[in-house]
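There is one chain below, alone, in structure tokens, taken in the form predicted on its own.
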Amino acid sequence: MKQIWILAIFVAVALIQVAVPAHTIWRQERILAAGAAFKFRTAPVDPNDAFRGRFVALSFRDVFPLALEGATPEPGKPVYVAVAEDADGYAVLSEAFAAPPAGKPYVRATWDYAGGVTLPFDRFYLDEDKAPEAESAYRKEARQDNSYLLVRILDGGWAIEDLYVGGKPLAEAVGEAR
């Protein structure tokens, strides 16, 4: 009888270990397939970080939503930011809310001390061998206002589709530079 319980617990733990990453993958794939695409303009940032390893650090322009509905902004507190497109097709943070807004694409962000918000996607991971060249290409294009991050947003969830520099996906731009 005791062996049946041990086997049942083992099977339950194994199923949980498979279900958690499977749900995460399913959620990201669902957002990539059905989410609305927004192009967030990026800004240059110091890419040197000995603690985070190799990735492209991202910073964004226009991180100041127009207003906060239903609460007072407090630095460090979470906020729900509605995302819209400007006349050029780039993402703008239109409004901020204390609770998830209905009927609008939004992401959960954090109020910063400058009165803007910190978006949840601030890193772009890629092949470690390409990271130094990618950072160099990103810095060059970001200074020329020629880069953006394509993010899909669905029901408050988000998934990064790609980082574009000079009008091309980063991996393609780095491949041509070699």
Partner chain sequence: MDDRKHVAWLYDQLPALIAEGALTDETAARLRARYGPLEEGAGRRRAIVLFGILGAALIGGGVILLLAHNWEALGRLVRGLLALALLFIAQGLSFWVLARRPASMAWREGAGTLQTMAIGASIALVSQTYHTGGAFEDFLLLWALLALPVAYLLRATLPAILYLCAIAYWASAQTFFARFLPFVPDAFAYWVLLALALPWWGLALRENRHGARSSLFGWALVLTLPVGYALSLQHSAEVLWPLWCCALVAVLYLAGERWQADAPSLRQRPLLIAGALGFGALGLFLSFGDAWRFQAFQALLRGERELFLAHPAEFAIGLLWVVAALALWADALRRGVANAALVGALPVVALAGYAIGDHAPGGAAALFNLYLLIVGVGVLVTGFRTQRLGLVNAGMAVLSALIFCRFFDSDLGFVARGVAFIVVGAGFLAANLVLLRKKGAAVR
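Positions refer to the first chain, counted from 1. What you are looking at is a predicted structure, and each value in this text was computed from that prediction instead of being measured.
Not on display, but discussed next: the form predicted together with its partner chain.
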Give a yes or no for Pro21: in the model of the complex, does one of its heavy atoms lie within 4.5 Å of a heavy atom belonging to its partner chain?
-> yes
Does its partner chain come within 4.5 Å of any heavy atom of Tyr164 in the model of the complex?
-> no
Please check if Gln28 has a heavy atom lying within 4.5 Å of any heavy atom of its partner chain in the model of the complex.
-> yes
Does at least one non-hydrogen atom of Leu154 fall within 4.5 angstroms of its partner chain in the model of the complex?
-> no
Quick check: do Ala36, Arg41 and Asp86 each get a heavy atom within 4.5 Å of its partner chain in the model of the complex?
-> no
Determine the residues of 104 to 138 with a heavy atom within 4.5 Å of its partner chain in the model of the complex and present them in sequence order; the list may be empty.
-> Asp122, Arg123, Phe124, Tyr125, Leu126, Asp127, Glu128, Asp129, Lys130
